[in-house]
Ligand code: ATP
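Coming up is one lone chain in structure tokens, specifically the form predicted on its own.
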Amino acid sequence: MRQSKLFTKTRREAPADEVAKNAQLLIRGGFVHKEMAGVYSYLPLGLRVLTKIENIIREEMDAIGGQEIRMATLHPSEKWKTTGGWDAVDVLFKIQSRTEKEYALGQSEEEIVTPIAQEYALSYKDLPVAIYQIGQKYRDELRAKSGVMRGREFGMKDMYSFHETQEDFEKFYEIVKASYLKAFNRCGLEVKVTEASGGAFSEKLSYEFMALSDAGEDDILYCNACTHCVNVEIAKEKEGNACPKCGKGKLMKARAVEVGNVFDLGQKYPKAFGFTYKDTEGKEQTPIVGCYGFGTSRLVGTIVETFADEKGMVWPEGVAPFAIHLVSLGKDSDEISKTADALYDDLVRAGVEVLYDDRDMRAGEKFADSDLLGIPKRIVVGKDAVNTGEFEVVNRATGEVVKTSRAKLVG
């Protein structure tokens, strides 16, 4: 894409009403547009990042047998009243239509997915089954904060699995856990699997996937020698104690962002809807349900908070809006511009995702914008490229500069 054709523009100053670093940088870079507190529209660059995150988790869920659907966002109140959620869930957006019927905007999907599964999972032969969607969620937060990391409208992947036994659910949880860790790694994040309370979703123990970040809202204790990790709120141990799991490491305290979770919902929702299936003996049984959340839009903000520096955003390669930021220092149709145009065409033909800064601006302004946007590699086309045929390639994360030939750049 030619940057001269990109309808969004960068901003030098952060919005006065934004305190979260991720919101400041995303708005300055033209990735998102703030509609009101806790609600953001995703613009071309931001949507490219969000879509890449969605595709990563989609690939991982498909790989373990998840089946993608698209569930309704507007929910009939009757389903929420059936489960007791209508009065119990305080963040539920409630709507009354002109016909005086009541509806809810989906803040989770248990009330929708359970009746769907009930219609098709009639026998033990139909279980286990895992159903997921990637879509929008709505929560009536009293004070939306932390930019795109905690909003009133946000993107999420949520999956629900239905099982014959607790043992089967726990076996599938381990599969999902490994898949989640792989997905977070592909997004460039190191994530800890943390024990936590089930909160509003379940009375049982749940698991949260916590990315280490000073912008987080939770404190965790993790072992520096094994995978043991626990939320401070339910921890029996303290910072510096020996790890209760391996006995070798010490517990370290850190601030973290919850970017995913797993809830053991038990039989609560199937019982509420009278959902049963026939077992091997033809007897009616109630399935066990697991819920698996993955915060897609929250991940956008978490990545910004985790990797940004004083110059701007720094996107990991797996989720960056473009792989290359090609910056031309030429003017009009001089030799530098022609060289940059030719390289851009070659990169596009080679299948490389390129944002080409062909704007008529000073070099300093272009470099400042490039740093702000945070694309992993910047290729600078100046006089040296015309004279020697070698291009300056700057690594955004490390600042390393190397000279590379055209042949190597286009593969």
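Predicted model, so just to flag it, every value in this text is computed and none were measured. Residues carry their position along the shown sequence, with the first being 1.
Omitted from view is the form predicted together with the ligand, to which the following refers.
**Q** Does every residue of Met159, Phe162 and Gly266 put a non-hydrogen atom within 4.5 angstroms of the ligand in the predicted complex?
**A** Negative, none of the three is within 4.5 Å.
**Q** Can you tell me whether Glu109 touches the ligand? I mean in the predicted complex, with a 4.5 angstroms heavy atom cut-off.
**A** Heavy-atom contact with the ligand at 4.5 Å: absent for Glu109.
**Q** Is Glu141 part of the interface with the ligand in the predicted complex - any heavy atom within 4.5 Å?
**A** Residue-level check for Glu141: yes, a contact with the ligand.
**Q** Would Arg298 show up as a contact with the ligand in the predicted complex if we use heavy atoms at 4.5 Å?
**A** Output for Arg298 is yes: heavy atoms within 4.5 Å of the ligand.
**Q** Would Asn261 count as a contact of the ligand in the predicted complex, using a 4.5 angstroms cut-off between non-hydrogen atoms?
**A** Taking the distances in the predicted complex, the answer for Asn261 is yes, it comes within 4.5 Å of the ligand.
**Q** In terms of non-hydrogen atoms within 4.5 angstroms, which of the given stretches 267 to 275, 124 to 132, 147 to 155, 70 to 78 touches the ligand in the predicted complex?
**A** So the stretch in question is 147 to 155.
**Q** Among the candidate residues Gly293, Pro287, Pro321, Gly290, which is the single one with a non-hydrogen atom no more than 4.5 Å from the ligand in the predicted complex?
**A** If I apply the 4.5 Å criterion carefully, the residue I get is Gly293.
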